[in-house]
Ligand SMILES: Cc1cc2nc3c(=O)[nH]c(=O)nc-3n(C[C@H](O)[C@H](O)[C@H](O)COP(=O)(O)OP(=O)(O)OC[C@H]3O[C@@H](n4cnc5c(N)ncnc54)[C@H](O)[C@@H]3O)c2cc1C
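Here you get one chain, nothing else, as structure tokens; it is the form predicted on its own.
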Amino acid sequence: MNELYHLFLRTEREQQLQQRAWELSEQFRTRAAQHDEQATFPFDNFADLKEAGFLSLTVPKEYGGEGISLYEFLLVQETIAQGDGATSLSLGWHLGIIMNLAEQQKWPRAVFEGICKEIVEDQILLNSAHSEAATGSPARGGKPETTAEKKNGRWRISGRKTFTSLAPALDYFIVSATIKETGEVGNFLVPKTAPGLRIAETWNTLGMRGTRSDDLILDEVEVEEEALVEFIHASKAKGQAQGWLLHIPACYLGIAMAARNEAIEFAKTYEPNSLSHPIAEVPEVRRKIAQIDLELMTARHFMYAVADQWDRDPAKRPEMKEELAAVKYVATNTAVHVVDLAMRIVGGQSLFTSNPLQRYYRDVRAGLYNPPADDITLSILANRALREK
């Protein structure tokens, strides 16, 4: 662990934060297989995260949180993912949204301050609910079929959302809906206690099973007028640089690092009777290990360098959309390849359900479908290149 992070821990604060995350990650590692097999949400992991105060890491200091930087956020995500990828990805949505809201300041100040207070004092959880079966990923600009209609000074929201990560554990859902009267799209802050809101347990997937990204059903859900927290302008949203989304590549690189460690430990200890030494001394195995470290080194230095620039130079953030997307592209594809190499080192034993490598293999593939998708990244990179004079 220390060797992998040696070059990336720059300050005492970062060292302490990463150590706190590592201690939690080691606990989560012991439960990961069970949550994966049973496709259960890791309530026990989140109880530990709440006790450690991790749900308020990105809450601004002025509201009682730790106000960590993007760079520090990625250290946490990557470390937690080594113990349990689903827990890391789930935590990342909550922490990332708070970080983004603090930076963009699009919500009414009183509403955001109130949410931050609840997170700090009660360690509540929130996440967005934007995806729909008909529109696909919101990153592609589809208009939500979920509708909101104002009646008697209150909003009535009806629709169905897919891929609602943390669904069983959320206290608030940030729901996108098309306003019937105007055709505008807005985000509504909906508490889990709202009548007409329910969760359909649809999440039976190949990987990231513990995120419980079930469907959210809203049947004439009534909320206060103030529940409309912002309007969404699709054209502006698609062009915005969003640093907080780097929690996604950080998570998948963390899973790949866990696969790397598993393969190396196996190579150092496995000695078939056809050899007089462990397979770590076999040239081809050593080549694969070196390739794993080379690819992880490249992806991680790229990710942390971009995060560092985001933190140091806010004025350049609007120009960083392509770099942010490229990090996700490089990291997730690297993670897929690294886990594949790790399984090739271990061989057929990696296919057993008792071996964590098969879980890592399934989980990292989910990264290919988190935003932005590879084709979108390649498109925006091509567009930038062709705009140059």
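Just count from 1 along the sequence shown to find any residue number. For clarity, every value in this text was computed on a predicted model and none was experimentally measured.
FYI, the form predicted together with this ligand isn't displayed, but the following is about it.
The listed set Met208, Ile98, Ile157, Leu253 contains one residue whose heavy atoms approach this ligand in the model of the complex to within 4.5 Å, identified as Met208.
This chain is drawn without this ligand; in the model of the complex, the residue among Trp107, Trp203, Trp310, Tyr172 with a heavy atom within 4.5 Å of it is Trp203. Across the options 315-323, 148-156, 126-134, 288-296, residues that bring heavy atoms within 4.5 Å of this ligand in the model of the complex belong to 126-134. Here the marked residues Phe46, Ser88 and Pro168 all miss this ligand in the model of the complex; none has a heavy atom within 4.5 angstroms.
Among residues of the shown chain, Lys117 is not one whose heavy atoms approach this ligand to within 4.5 Å in the model of the complex. Using a 4.5 angstroms threshold between heavy atoms, Arg140 counts as touching this ligand in the model of the complex. Contact annotation: Asp375 falls within 4.5 Å of this ligand in the model of the complex, judged by heavy atom distances. At a distance threshold of 4.5 angstroms between non-hydrogen atoms, Ala366 is in contact with this ligand in the model of the complex.
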